[in-house]
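Taking the form predicted on its own, here's one chain by itself in structure tokens.
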Amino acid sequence: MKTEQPYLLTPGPITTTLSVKQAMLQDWGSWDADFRAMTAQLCQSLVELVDGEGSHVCVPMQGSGTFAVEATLATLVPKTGKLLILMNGAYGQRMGKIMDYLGRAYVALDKGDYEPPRAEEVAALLAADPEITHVAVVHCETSSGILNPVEEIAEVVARQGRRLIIDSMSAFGAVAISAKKVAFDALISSANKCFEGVPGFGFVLIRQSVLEAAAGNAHSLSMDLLDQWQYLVKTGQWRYTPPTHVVAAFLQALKEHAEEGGVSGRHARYQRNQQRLVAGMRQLGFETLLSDEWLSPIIITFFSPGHANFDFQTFYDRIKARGFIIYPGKLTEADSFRLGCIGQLYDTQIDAVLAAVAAVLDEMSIPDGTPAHVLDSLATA
């Protein structure tokens, strides 16, 4: 299946609708009342989606999702605080790098590439180290595709009187989470993931009382979420030039999100995509990195074929020629690649990418997707 614009099977940016793209055709004045109303609508809608009315506020932040993560850590973790980072992939590791740049104390529970942090582990670490003030976890770690158990982690963190920060970049909008059921101080996401907007801003849903107490924490003027929020409350405007076209596109994306059934409707389609992809790839001999228990509806990591003819760049280029952009692996110990389930992907696209994978394997004279560790075990059996 060849299209002029390839479908993106990535964790974001993703394939958007034509109507979302068309929403960017109008220019907006960043100080104008119409755009201020758009910003207010954006923030109100996101707070409602997380059941945060009366407890949490929305602070939009220009830039990529990582800008919003850094701004959150810098604003909420005081210079005298200590962060426990629950790592099982590249984005937990990135939080550690951010803390290194900030020069603030942290410790990590590093579970490697494909094991989730569990409540009992977190409880033991918090009990052993009373200096830990905050805990950070990635909701969906897209380097492996794992969906981490944030509910059980949040319960332990709250019970021990610490504060929770959730990087829900690739999950919010398709994986249900409620501020009334999960105790978090901040949930971070961005426009170009499960809401199917375009890149240009992230946002943080923050407990208002915690944000109001964060004066003096931020290391940077532009990254100070308290200052950003206070200016927004006072004027209705972003402090500095906002991504006006991206906001317009996001409001259209929010409308389409609601029309699809909101979080549950979006989750149902992504879950169907995941199940269809996994079943089809397994029929071709591929193996998922994760057991079914931890597979997310966002992105799936597959081990690369172990055949001597396999070369990822060749595989990638030939899949792209058939109309699909896939994602390289990000594991430290195994060759892999990833297929995303999010964006404007339906049965037709999933079936077509499976057909493309089968055709490319045939072109490369690779019998199937059996990974190296399975071939090695067969050879020594």
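For every residue, the number given is its place in the sequence shown, counted from 1. The structure displayed is predicted, hence computed values, not measured ones.
What comes next is about the form predicted in complex with a further copy of the same chain, which does not appear here.
Although the partner is absent here, K21 is a contact residue: one of its heavy atoms lies within 4.5 angstroms of a further copy of the same chain in the model of the complex. Contact between A108 and a further copy of the same chain in the model of the complex is not found at the 4.5 Å heavy atom cutoff. a further copy of the same chain is not shown here, and in the model of the complex it never comes within 4.5 Å of any heavy atom of G52. In the model of the complex, a further copy of the same chain lies farther than 4.5 Å from every heavy atom of A355. Proximity to a further copy of the same chain in the model of the complex, taken as heavy atoms within 4.5 Å, picks out 216-224 from the listed stretches 297-305, 135-143, 216-224, 170-178. In sequence order, K21, Q22, M24, L25, Q26, D27, W28, G29, S30, W31, D32, D34 are the residues of 19-48 having a heavy atom within 4.5 Å of a further copy of the same chain in the model of the complex; the partner itself is omitted from this view.
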